[in-house]
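Here you get one chain, nothing else, as structure tokens; it is the form predicted alone.
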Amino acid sequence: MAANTWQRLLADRPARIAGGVLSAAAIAAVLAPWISPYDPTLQPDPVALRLVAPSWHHLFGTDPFSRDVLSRILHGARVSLGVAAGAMLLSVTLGAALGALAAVMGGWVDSIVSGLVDVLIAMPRLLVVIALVATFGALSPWWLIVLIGGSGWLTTARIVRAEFRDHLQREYVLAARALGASRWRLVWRHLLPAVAPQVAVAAALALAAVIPLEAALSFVGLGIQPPLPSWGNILLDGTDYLTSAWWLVVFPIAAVTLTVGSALVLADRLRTAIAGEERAR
């Protein structure tokens, strides 16, 4: 089933476009030190080059400190997408592990994990993250990954638990059990590959949620701290110049919107591919 689902996804044009946008953003982030036209922290002339509108010399204009906005957005992608990807991987890994553990072990383990998910999912994630960051102060990118990723595994755990419980009753799993397959062999050889598309949907949705969350934290001064650029604090630099320097707001918002939108499209098309495979069975 999983192989056919991936084939359907690859044949889907919107999914390919969304994947291409995300890949381009990731490549630009990795290559930022080599493709950025200027040093993102360089302030060459705080008077003459302050708030210069987009031009051939500065395609995205300059900010109040005469820094090149395009260079800052490219380097900000390294931070924003790096934190988002790390937090997404952490949350999906935790969620998949705990969801699988609850479904396979059952009994009191399932009760504890399910109860923990029910309690934590009722807490507003954004408020919890802001409260923790405000308590401990500004965090490094690595601690932001731990905090954001550690608070985002709940949905993945629910999805994996539900899918595992469903597959545990299917004929191929029952047949493998009858042939003597151990519990954890079932997990690694049969169950995880079978639910991989659903986990990928959860990963895409997690990425779409984490990018604006990190940007919001940086925007309010609780995330990535200057001079290290991120899309959130680049946007913060433009809040006092909404009418006089529109490029300080438009370009970072466009970067966030494109990446989040692409992740959401990818999740939606993957859901469609999974549904189509289920109908074809």
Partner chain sequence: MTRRFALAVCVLAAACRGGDARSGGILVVSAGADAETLFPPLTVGNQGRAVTELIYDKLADIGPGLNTIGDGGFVPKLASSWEWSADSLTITFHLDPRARWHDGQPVTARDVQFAFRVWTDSAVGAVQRAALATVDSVSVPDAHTARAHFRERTPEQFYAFVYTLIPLPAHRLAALADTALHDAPAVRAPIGSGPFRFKSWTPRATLELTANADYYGGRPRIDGVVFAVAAQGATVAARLLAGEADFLEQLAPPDFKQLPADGLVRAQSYGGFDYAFVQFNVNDAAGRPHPLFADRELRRALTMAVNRATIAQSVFDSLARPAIGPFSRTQWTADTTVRGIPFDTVEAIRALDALGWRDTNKDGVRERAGRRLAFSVLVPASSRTRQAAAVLLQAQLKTVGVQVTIEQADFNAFLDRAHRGAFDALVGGVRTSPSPRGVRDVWGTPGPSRGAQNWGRWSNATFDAQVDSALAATNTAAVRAHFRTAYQAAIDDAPAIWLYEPRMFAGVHRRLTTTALRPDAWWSDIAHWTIDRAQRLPRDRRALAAP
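Positions refer to the first chain, counted from 1. None of the values given here were measured: they were computed from a predicted structure.
Below: the form predicted in complex with the partner chain, not depicted.
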Selected contact from 51, 59, 26, 35, since only one has a non-hydrogen atom within 4.5 angstroms of the partner chain in the predicted bound form: 51
Non-hydrogen atom contact residue 244 with the partner chain in the predicted bound form at 4.5 angstroms: yes
The partner chain contact at residue 70 in the predicted bound form, heavy atom, 4.5 Å: no
Contact test in the predicted bound form: residue 219 vs the partner chain, heavy atoms, 4.5 Å: yes
Residues in 72-92 with any heavy atom within 4.5 Å of the partner chain in the predicted bound form: none
